[in-house]
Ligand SMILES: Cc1cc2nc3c(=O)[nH]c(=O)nc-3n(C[C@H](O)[C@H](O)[C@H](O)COP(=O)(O)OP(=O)(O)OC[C@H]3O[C@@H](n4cnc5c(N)ncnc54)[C@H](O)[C@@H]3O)c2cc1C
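As C-alpha cells, one chain now follows by itself in the form predicted alone.
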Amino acid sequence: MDKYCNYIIVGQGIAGTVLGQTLLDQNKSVLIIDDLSLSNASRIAAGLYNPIVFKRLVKSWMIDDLLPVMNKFYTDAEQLLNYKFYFERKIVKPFAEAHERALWQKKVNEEVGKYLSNDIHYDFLKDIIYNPLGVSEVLSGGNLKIEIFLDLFREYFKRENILLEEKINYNELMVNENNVVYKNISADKVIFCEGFKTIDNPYFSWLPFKLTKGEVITIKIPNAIIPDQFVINKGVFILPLGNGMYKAGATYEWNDLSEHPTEKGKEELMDKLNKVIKLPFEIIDHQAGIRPTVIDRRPLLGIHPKHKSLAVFNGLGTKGVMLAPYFAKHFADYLDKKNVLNKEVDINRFIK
C-alpha cells in the first residue's frame, strides 16, 4: 500500500469536518474524501444553535451536555484556524399570542429557565418588527458561520495533505474483516459522513432517514439595521450577516427532495417575513438543501452489522452545529474502546 491511515472519512460537511478534527486531536491519522458538488446542505445552513425548543418551551435534547463540548470545540477551532466564525447571540422571540407570553413567564421559574430571559420588552426594534405583545430572549444561543468554517477546514486539510477531492467510488472499496482498502490507501475503518447522500450508499442505505428539504433566502432591508448580537425568531429566523444583509428561513418540505430552490418555498418565506418585518425588503439570494433527518430525530452512529471495518456518523439533522462536537468525541472514544455508544444514537436500534 502507498498509504495507511487509521480512518478514511467520506464527506466534509459539518459531521465529517468535526469528526475528522476530533480524531486528529486524538492523534489518529485521517484521510477525508469529499466532492464539493455532491451536497450543499451544511454550507447553506445558518448554523444556528438554540438551547430550547420553542414549540413546547423545553430544553433541547441533551443541551446541558452539548453546550460545553460545543463551546470548547469551536473556540479551539478558531484558534487553530486563526479566524472568528463562532458567535453567541441572543435569540429574540416576539410573542404571537398572550398565552405564549404567559407560558414563557411560567417557564422562567422551571429548569429550562436558565436559558430564558426574565425580561419582556415592548419597544424592541419597534420601527422594524411587529411586537405588540412584547419580546423576550433565549440565552446561550448563537451561530456558527458554517460556510467559512468548512472552507477554512478544507484549506487546512489540504495543507495537511489529508484531503482527497473526489467522489468516492464504492466499487473500488475492498472491505476486509479488519481493514479497508480504497485504491492505494489502507485504513482500519471507513466512516461515512455523507449527509443525505447516504441513501445511495450500498452499505448504509437501509438506515431510516426521513429527509427534509430546507430553503433559505438572503434579504436586504434597505432602511433598517438589526444589531448583530440578535437573531429574530417568529415562525422564521432572521440572522444578521452584516452590511444590512440577513439570512432568513427556513422551510420544511418532505416531498420535493431536489436541491433546487422553489417558488413555493420563496413565497412561504416572504409571507412569514411580512408578518415579522414592517419594512420592505429585497431578496438577494435563494438556496435549498436536504437535511439528513432521521425518523426518530436522533443521530446515526455505529459500526455496520456485518462489516466491522465500515462505520457511519450521520443524521445530525437540523441541529448539527450543536450535536457534532459532542457526538464526534463520543464516537471517537467508542472507536478507541473507551466507552459504549449511547443507545439513543446507536444504529443498532434499527437492526432487527
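Keep in mind that what you see is a predicted model, and the values were worked out from it rather than measured. A residue's number is simply how far along the shown sequence it sits, counting from 1.
There is another form of the same protein, the form predicted in complex with this ligand; it is not shown, and what comes next is about it.
J.: Heavy atom within 4.5 Å of this ligand in the predicted bound form: which of Lys59, Lys28, Lys308, Lys319 fits that? Just give me the one.
T.: Selected residue: Lys319.
J.: Here the chain is shown alone; which of Glu166, Glu88, Glu267, Glu111 has a heavy atom within 4.5 Å of this ligand in the predicted bound form?
T.: Of Glu166, Glu88, Glu267, Glu111, the residue with a heavy atom within 4.5 Å of this ligand in the predicted bound form is Glu166.
J.: Want to guess which of 275-283, 191-199, 131-139, 101-109 is within 4.5 Å of this ligand in the predicted bound form, heavy atoms only?
T.: Among the candidates, contact is made by 191-199.
J.: With the cut-off set at 4.5 Å between non-hydrogen atoms, does Trp206 touch this ligand in the predicted bound form?
T.: No, no contact at 4.5 Å.
J.: Answer yes if any heavy atom of Tyr170 is within 4.5 Å of a heavy atom of this ligand in the predicted bound form; otherwise answer no.
T.: Yes, contact at 4.5 Å.
J.: Since only the chain is shown here, I'm wondering whether Gly214 would be in contact with this ligand in the predicted bound form (any heavy atom pair within 4.5 Å).
T.: Gly214: yes, in contact with this ligand in the predicted bound form.
J.: Can you tell me if Gly289 lies within 4.5 angstroms of this ligand in the predicted bound form, counting non-hydrogen atoms only?
T.: Yes, Gly289 lies within 4.5 Å of this ligand in the predicted bound form.
J.: Taking only heavy atoms into account, state which residues of 4-31 are within 4.5 Å of this ligand in the predicted bound form, ordered by sequence.
T.: The stretch touches the partner through Val10, Gly11, Gln12, Gly13, Ile14, Ala15, Gly16.
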